[in-house]
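In the block that follows, a single chain appears as structure tokens, in the form predicted alone.
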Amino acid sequence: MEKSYYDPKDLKKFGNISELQPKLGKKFFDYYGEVFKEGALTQREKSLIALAVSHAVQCPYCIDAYTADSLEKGADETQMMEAIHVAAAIKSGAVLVHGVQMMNKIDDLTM
């Protein structure tokens, strides 16, 4: 089997990022843990948001983690795909709205 740049086994090593900078690693993981606790949003809703953002930022490790987490938290495949479509719509909208920059530059250059 061909080796992939992103090895799914590396996800299990995520906690090791603290090894070279323990103080900052601890702060990150404390923050990360707090963010995903139940609050105004349920843990299921937060997991769906994380899944959508994972796709928007194209993090294969995050996609794997939050696909499993979303299922564990009770989301179904339809909800998960809808969340991904929301992320895709926002990302494509962000690309398109930057077209205004191009239009402004065209105006500057041709007037």
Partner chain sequence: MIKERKISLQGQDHKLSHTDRQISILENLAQVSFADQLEGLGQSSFKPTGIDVFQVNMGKMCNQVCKHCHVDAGPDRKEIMTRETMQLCLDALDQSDISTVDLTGGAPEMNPDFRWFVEELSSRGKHIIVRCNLTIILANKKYHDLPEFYKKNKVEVVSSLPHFSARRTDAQRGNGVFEKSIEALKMLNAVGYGLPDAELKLNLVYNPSGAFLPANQAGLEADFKRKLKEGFGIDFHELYAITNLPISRFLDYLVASENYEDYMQKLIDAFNPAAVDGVMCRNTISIGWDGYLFDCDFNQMLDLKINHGAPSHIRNFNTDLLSSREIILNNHCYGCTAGAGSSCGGTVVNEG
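Numbering follows the first chain given and starts at 1. All values derive from a computational prediction rather than experimental measurement.
The protein also exists as the form predicted together with the partner chain; that form is not presented, and the subsequent description refers to it.
- prompt: Would A83 count as touching the partner chain in the predicted complex under a 4.5 Å heavy atom rule?
  reply: Flag for A83 set to no.
Touches the partner chain in the predicted complex: L71 (any heavy atom, 4.5 Å): Yes, L71 sits close enough to the partner chain in the predicted complex that at least one of its heavy atoms falls within 4.5 Å.
> Should C62 be counted as a contact of the partner chain in the predicted complex, where contact means heavy atoms within 4.5 Å?
Replying inline: Judged by the heavy-atom cut-off of 4.5 Å, C62 is well away from the partner chain in the predicted complex.
Next on the checklist: Is A75 part of the interface with the partner chain in the predicted complex - any heavy atom within 4.5 Å?
Outcome noted: The answer is yes: A75 has a heavy atom within 4.5 Å of the partner chain.
Counting only non-hydrogen atoms and a 4.5 Å cut-off, give the residues of 12-30 close to the partner chain in the predicted complex. Result: K12 alone.
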